[in-house]
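To begin, one chain is listed below as structure tokens, in the form predicted alone.
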């Protein structure tokens, strides 16, 4: 046997899992298919629940230094009027943690720095495995193999290992495609984040540390559209020209080379996350659309709960099973709720959009914040069933 644990995937879930296993003196190896550990994408949110998970793992103070503190993140209409104003400060009091945004690359580089170099093997793509009672053999694209006692699959929404384990778990397309970029904030001077729902699609923006702006734009589209694959900044400027300030200005200051494009996908909630000595975590186990800003947050929750279970149980398989009991219902709720929010936010029918916006403006905050309340009012570390 080459290692007790093998972790497949060097994203947020895999890197933080490695740090967690290291903290409880467990033997592991991490395998990442890319030649470099880097954050593919731009920015994302670390809500109060993610910060609690980082606190549990002993990483919070360092992350706060490279993250941008977020006090508000309003949902706006195309003219800039407020549709929803989540009270993130009041909700974060449940965890006694603040909310942050961070650049994905910054977080990846930090997490990578906490793991001994000899524990990470790069440019190593796992393509299949064989599972026995006490031994798992991993097979890599380069023809090599690795044996371990326990396998943590954390290689994302398109995980080939999850597909082998659960053939019906192919990613599903959400119906809209997305562009992202990070640009300089010197001229724009954006000081708070927001997301705008309009006739052309959605546009979100938030400041990051280092005087940067992270933005994203979502448009309804067929899957893997050749038209949108070849979209340029000029196309986006035309689509969003009637949106409120500073959206046109942000787009005008973005270069084509800075654009990152991908279709939005998730996976239908799984029936299980634990399969004897194999465990699915992060996007490999419960990939969600980004509409609740919970993708990375749930990966970090996963790791905190997993390390908590491993720290209390000598039997790893029993710890995996307890992890599943604590995580399955919560991740299912987030996946399904996020999918629904995305569908409503992407409405194009003018009467429906008018009705949606009118209702959202008039609803009491206790109704408009219900989903956020359910997410953040429950301490995920105390969920036992």
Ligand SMILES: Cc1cc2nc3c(=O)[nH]c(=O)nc-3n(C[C@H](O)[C@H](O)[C@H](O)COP(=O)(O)OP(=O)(O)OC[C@H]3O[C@@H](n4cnc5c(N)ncnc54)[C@H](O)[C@@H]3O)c2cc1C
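It should be emphasised that the depicted structure is a prediction, and the values quoted were computed from it without experimental measurement. Residue numbers count along the first chain shown, from 1.
Quick note: we don't show the form predicted together with the ligand, though the next part is all about it.
- Judged by heavy atoms within 4.5 Å of the ligand in the model of the complex, the contact stretch among the candidates 285-293, 248-256, 76-84, 311-319 is 285-293.
- The ligand in the model of the complex comes within 4.5 Å of no heavy atom belonging to residue 20.
- Remark: residue 125 counts among the residues lining the ligand in the model of the complex, judged by a heavy atom distance of 4.5 Å or less.
- Interface residue remark: residue 301 is not counted as part of the site for the ligand in the model of the complex, having no heavy atom within 4.5 Å.
- When contacts are judged by a 4.5 Å heavy atom cut-off, residue 160 counts as touching the ligand in the model of the complex.
- Annotated contacts: 63, 204 and 208 are all free of the ligand in the model of the complex [non-hydrogen atom within 4.5 angstroms].
- With the partner removed from view, the residue among 346, 357, 26, 34 that has a non-hydrogen atom within 4.5 Å of the ligand in the model of the complex turns out to be 34.
- Applying a 4.5 Å heavy atom cutoff to the ligand in the model of the complex picks out 8, 9, 10, 11, 12, 13, 14 from 6-30, in order along the sequence.
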